[in-house]
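The data below hold one chain only, encoded as structure tokens and taken in the form predicted on its own.
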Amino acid sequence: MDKTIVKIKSTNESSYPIIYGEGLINNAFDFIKQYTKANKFLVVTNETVMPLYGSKLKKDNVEFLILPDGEVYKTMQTLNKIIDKALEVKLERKDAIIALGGGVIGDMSGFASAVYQRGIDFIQIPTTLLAQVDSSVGGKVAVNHPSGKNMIGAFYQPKLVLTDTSTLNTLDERQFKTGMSEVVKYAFIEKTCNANQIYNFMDFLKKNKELIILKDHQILAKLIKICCELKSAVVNQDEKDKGLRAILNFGHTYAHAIEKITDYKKYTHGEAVSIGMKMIFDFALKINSISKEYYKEAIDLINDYGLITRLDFMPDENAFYNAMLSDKKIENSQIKLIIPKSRQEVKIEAVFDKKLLLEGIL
């Protein structure tokens, strides 16, 4: 068992631990009770995760809400179901909601926790690689809107993130690769995270490729630790997304547009991100922001993990551009991109050239 502490500068009350290790879910409440005074819990999960891990959390004072599985259900309508269930089981302000599942469950449960009775305790138990390395950390909680991804939400930090690496054993190959897209993202932004430690994460991912693909638990624990510490470093510097935190959206401006124009049905979030990262590297090469050598090294790393790098259809250019304009990082009607600058380093720039922006999608 190991842990990372997220220390939010604005208030000590917002600081919380990320505890990770193998088999932790079997004794989840031994940890949970250390970080909340709740007497009653509502576990929000989905129909995929419940049969696998729901029984681990069954207790007399625990209620369950089982939702459909998928990004398409990350809506206000589903959020209302969580609120309705909290009211039905009479959760009080001192009680807590536990998110058991991937990023969609975590985002919706966190948002419900933020608004229910003006805020109740929130616990994350992420069961996917994507959630364990990224979405469960940092306190961004939201639902999607037809106009764009994560348009309705809040910043609301959990009391605890409990990460059990053994839950990755039940991930299928597609979902594991979905998580690896966010993992690889951290390799490309590491230097700009301004963490206290140098990890050389690109080299780590290249050296340990075989063990990572085989889901070796020791290597996965190290991988999760590095990703959490890199994200924590960014969040600790910019909790409310006023500047530096934008780098965590590397590849995501294209990715969110891909998800929107396909109604969140064709690609997983991670698949959209890996395509988006390839697009932004293509863009960076065209504007001479990076060398050909680094471009090749980066694309080789994406390909090493079998990640998707191209759309399998030709999108309408205007629809794609309009989807990019609905991204949360738009400022003064300008598209702000996270652009590769050098090895493991990125920069944030507003981009005006529509034609150049769209060349990468073909």
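Keep in mind that what you see is a predicted model, and the values were worked out from it rather than measured. Residue indices: 1-based, along the sequence shown.
This next part talks about the form predicted together with a small molecule, which is not shown.
Contact check for residue 200: every heavy atom lies farther than 4.5 Å from the small molecule in the predicted bound form.
The closest heavy atom approach of residue 229 to the small molecule in the predicted bound form falls outside 4.5 Å. When the small molecule is considered in the predicted bound form, residue 291 lies well away from it, no heavy atom lying within 4.5 Å. Among heavy atoms of residue 49, some come within 4.5 Å of the small molecule in the predicted bound form. Only one of the listed residues (205, 171, 114, 285) places a non-hydrogen atom within 4.5 angstroms of the small molecule in the predicted bound form, and that residue is 171. The single contact residue among 224, 104, 193, 123, judged by any heavy atom lying within 4.5 Å of the small molecule in the predicted bound form, is 104.
Just one listed stretch, out of 297 to 305, 63 to 71, 22 to 30, 315 to 323, contacts the small molecule in the predicted bound form at the 4.5 Å heavy atom level, and that stretch is 63 to 71.
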